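Shown below, as structure tokens, is a lone chain in the form predicted on its own; questions about how it binds or moves come after it.
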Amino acid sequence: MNAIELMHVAKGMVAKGKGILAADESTGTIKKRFDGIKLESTEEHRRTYREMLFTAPAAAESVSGVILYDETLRQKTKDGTAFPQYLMKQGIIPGIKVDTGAKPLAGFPGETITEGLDGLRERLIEYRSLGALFAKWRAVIDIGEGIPSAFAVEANAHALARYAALCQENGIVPIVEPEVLMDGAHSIERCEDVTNHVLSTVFRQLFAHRVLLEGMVLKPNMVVSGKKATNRAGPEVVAEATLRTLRRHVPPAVPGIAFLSGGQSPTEATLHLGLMNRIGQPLPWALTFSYGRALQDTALKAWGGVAANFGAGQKEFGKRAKLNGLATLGRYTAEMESQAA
């Protein structure tokens, strides 16, 4: 892809009324999810579960793209169609997770660095040949006593920018994901301070690496209180703080921002997104979602690994995708949850 094609794909990923399904759980993570429904994590069970999501009748109406895991990118529907090709036929853009996870940052206790740059160029070439048009790399920034350090933020931002440049070199749109975790008891003000620092550093590195901003998508955290905070900020405060932070640091050239849910409940994540799209207009970039658990949790439980519940799982997934699609347009209200149920 040249610059024009990168820009075209990036815009398609943040199309109005749609968002991205993060179905890129590693084998270890999906096992934990399956443990919750008492289902063995075999390759066939993982394939069936992903097919349930991808083939849901209402999926294409509200889903612009899907982030796949290496195993999933190579799997097929039960009728033999490769997942990337099936998704493309539905008008859904296939993508791939390319980092190899966050590992302890030597010399910096409690902090991590995301690995996976070694051999990335060659892997991107293969992933592109298998049908992936975009990729994802997640940097993890924790908030705690004395952390994050400036070095950990810089190191992760540098890795994100190197990854993004390699993606674009190989005709793949990068999703740049700097996640400030909501674990801990920190206030929303502390989260805002750290997120400001992280986004400022990330975009400085993206500029330095000559990344085409029009050909990327940002996947940040929302500015929220820590899960263990005694006085957690309300939805309107979250929406206002997040918009304020993004306006300060995200250049208008970026076509869209696809939020991660980051441990929020499905309804919380949808409500916050809907509020931002209602109160924030006009905005220079599209505001959408790139949710994993917040889109999948109710579908996974409805399916439960039982063949007879395949349709029920699809229905639950379609419901959450539709509600989040409405949130991208600022049309979501909490009352819709009971109506959809």
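One-based numbering along the sequence shown. Small disclaimer: the values here were computed from a predicted structure and weren't measured.
Another form exists, predicted in complex with a small molecule; not displayed. Remarks below refer to it.
- In terms of contact with the small molecule in the predicted bound form, the residue from Asn156, Thr195, Ser261, Thr72 that brings a heavy atom within 4.5 Å is Ser261.
- Interface membership of Gly313, defined by any non-hydrogen atom within 4.5 Å of the small molecule in the predicted bound form, is ruled out.
- At a distance threshold of 4.5 angstroms between non-hydrogen atoms, Arg46 is out of contact with the small molecule in the predicted bound form.
- Of the heavy atoms in Phe54, none are within 4.5 Å of the small molecule in the predicted bound form.
- Contact between Arg293 and the small molecule in the predicted bound form is found at the 4.5 Å heavy atom cutoff.
- The stretch from 209-217, 107-115, 185-193, 130-138 that comes within 4.5 Å of the small molecule in the predicted bound form, counting heavy atoms only, is 130-138.
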